[in-house]
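Next up: just one chain, as structure tokens, the form predicted alone.
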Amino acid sequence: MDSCISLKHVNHFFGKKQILSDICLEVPYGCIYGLLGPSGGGKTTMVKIMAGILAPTTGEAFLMSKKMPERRIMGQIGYMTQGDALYPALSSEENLRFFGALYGMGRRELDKRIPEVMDLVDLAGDREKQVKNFSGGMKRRLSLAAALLHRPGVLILDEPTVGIDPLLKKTIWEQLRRISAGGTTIVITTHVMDETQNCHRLAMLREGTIISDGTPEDLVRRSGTASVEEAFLYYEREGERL
């Protein structure tokens, strides 16, 4: 396959409620692909299917040419959830060593890698601090460090910058662009319109359907609007007319 991630006519239900409806999506290798939409639009369910955490009710999901879910490829994915899956009684470094061990990283490799990711998320001075004493923003940053720790080929980030101050957010996006330029494929969910300028491509979601997709520039041009926010409202209205 030419795409790193491919969703083919994916539908997903929780009980009788349909969360995703006929999702078709192609994410190129080395791309920063944004999933833009309001809460409840299906973004989290979609990335869980990409990561192999959920199997679609119908349709197919592929990652690196492997049909998901596929346990053997999970080690090549860095996944940051919306909620912070951290151990509050452990220090930030102890958390990273635990997650590193799950990824099969050795002590010497972790000794080198942990300071790198802690510097990236501006937590270098908090390595010995227990996570229970972290603010919400600090927990988000540590979760991002854990997702980056093993240098995954695919990085899936669910609302990663919520609660992070604007200056650090800018630094994190600079690093994500650098990581992408090195060949890592990044999928990121967001409802923050100004973050979309950092994405190579976007899919706009509303109530479990993709209402439009393309580069941010193409989405604005095709809608005849002046911004991604205005373009989203345009495609949302067009969808309501159908």
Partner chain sequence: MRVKALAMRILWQMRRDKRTLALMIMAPIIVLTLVSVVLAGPALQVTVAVVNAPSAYIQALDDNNIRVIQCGEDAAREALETGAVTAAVRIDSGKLSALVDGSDTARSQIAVQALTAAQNGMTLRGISGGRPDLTPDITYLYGSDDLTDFDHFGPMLIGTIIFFFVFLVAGISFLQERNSGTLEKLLSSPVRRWEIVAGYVTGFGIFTVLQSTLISVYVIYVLDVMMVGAFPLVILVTGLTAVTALTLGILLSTAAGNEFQMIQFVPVVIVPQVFFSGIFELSPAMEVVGRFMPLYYVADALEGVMIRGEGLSDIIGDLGVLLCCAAVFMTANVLLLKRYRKI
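Source: prediction; values computed, not measured. Numbering follows the first chain given and starts at 1.
Note that the form predicted together with its partner chain isn't included here; everything after this is about it.
From the list 164-172, 129-137, 111-119, 92-100, the contact stretch for its partner chain in the predicted complex under a 4.5 Å heavy atom rule is 92-100. Relative to its partner chain in the predicted complex, residues Glu70, Thr81 and Tyr87 are all within 4.5 Å by at least one heavy atom. The shortest heavy atom separation between Ile179 and its partner chain in the predicted complex exceeds 4.5 Å. Using a 4.5 angstroms threshold between heavy atoms, Arg206 stays clear of its partner chain in the predicted complex.
In the predicted complex, its partner chain lies within 4.5 Å of some heavy atom of Gly52. Interface residue remark: Ala146 is counted as part of the site for its partner chain in the predicted complex, having a heavy atom within 4.5 Å.
Note on contacts: among Met74, Met105, Leu123, Val154, the single residue with a heavy atom within 4.5 Å of its partner chain in the predicted complex is Met74.
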